[in-house]
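Next up is one chain by itself, shown in structure tokens, the form predicted on its own.
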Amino acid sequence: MARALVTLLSDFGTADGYVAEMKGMLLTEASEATVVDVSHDVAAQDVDGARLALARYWKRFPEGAIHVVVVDPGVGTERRAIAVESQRRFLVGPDNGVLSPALLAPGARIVSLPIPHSASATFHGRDVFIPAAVHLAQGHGFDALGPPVDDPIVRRTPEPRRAADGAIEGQVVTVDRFGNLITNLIGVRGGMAVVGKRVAPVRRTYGDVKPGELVALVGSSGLLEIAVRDGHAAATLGVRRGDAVTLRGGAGA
């Protein structure tokens, strides 16, 4: 049996021992597993932030990888715990839309995980999701985890829309650690991005403008992002997730 690879994404931080508890449980039962800490710095209870982070990496790992995602503001409530088999990879986490990138892939299968009476009402990461990851890491069957689910909660990034004047209207979907505004505008070339009353020319690289100037470019995810060279665009513009961005004069506009 190939050595299992398990990734962890959470909003726990690393100061309180929660991540260590999960890793201890995992490695006690699956000592040969390779564990990858993707991040534990997702903003507290930020399901959409975790969803967007997951979208970047889950298919970059080898087939058979097990992705555990614990950003779970509904822990202990009636929300389901689920596991997903998608694109020959496995994902485990709460049924709150955080696993949507895998749920939306063709052929995804979902099962509901049992929640033991002994499980803490505040820590399903340790008591529900890690045991499911152990089950998979030990080579046991996916279907044995629980009954099938056909109505998982799915979150989608809003679609841009075309305005009457031909401009494309979108929004900021997340802000990265550099303060760059990541939008839902895809694959644009040329033109200008308008945020509030500020205009950012669309260029190829951050270095195509002077330090301190606004610039828009297509980032590594294929989405248009707005940055301040050597600065923090979100703070400079006072912009946050959900704020409007308009593309004028770009390809197809």
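Position 1 is the first residue in the sequence shown; the rest follow in order. The shown structure was predicted, so the numbers you read here are calculated from the model rather than taken from an experiment.
Another form exists, predicted together with a further copy of the same chain; not displayed. Remarks below refer to it.
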{"item": "All of Phe12, Ala15 and Val38 within 4.5 Å of a further copy of the same chain in the predicted bound form, heavy atom check", "value": "yes"}
{"item": "Heavy atom within 4.5 Å of a further copy of the same chain in the predicted bound form - the one residue of Leu214, Ile186, Met192, Leu217 that qualifies", "value": "Leu217"}
{"item": "Position in contact with a further copy of the same chain when the complex is considered in the predicted bound form, options Ile66, Ala53, Ala200, Val47, heavy atoms within 4.5 Å", "value": "Ala53"}
{"item": "Candidate stretches 99-107, 160-168, 131-139, 73-81 - the one whose heavy atoms come within 4.5 Å of a further copy of the same chain in the predicted bound form", "value": "73-81"}
{"item": "Ala20 within 4.5 Å of a further copy of the same chain in the predicted bound form, heavy atoms", "value": "yes"}
{"item": "Touches a further copy of the same chain in the predicted bound form: Ala121 (any heavy atom, 4.5 Å)", "value": "yes"}
{"item": "Interface membership of Arg204, a further copy of the same chain in the predicted bound form, 4.5 Å heavy atom rule", "value": "yes"}
{"item": "Contact test in the predicted bound form: Pro62 vs a further copy of the same chain, heavy atoms, 4.5 Å", "value": "yes"}
{"item": "Interface residues of 150-179 toward a further copy of the same chain, as seen in the predicted bound form [heavy atoms, 4.5 Å]", "value": "Val175, Asp176, Arg177, Phe178"}
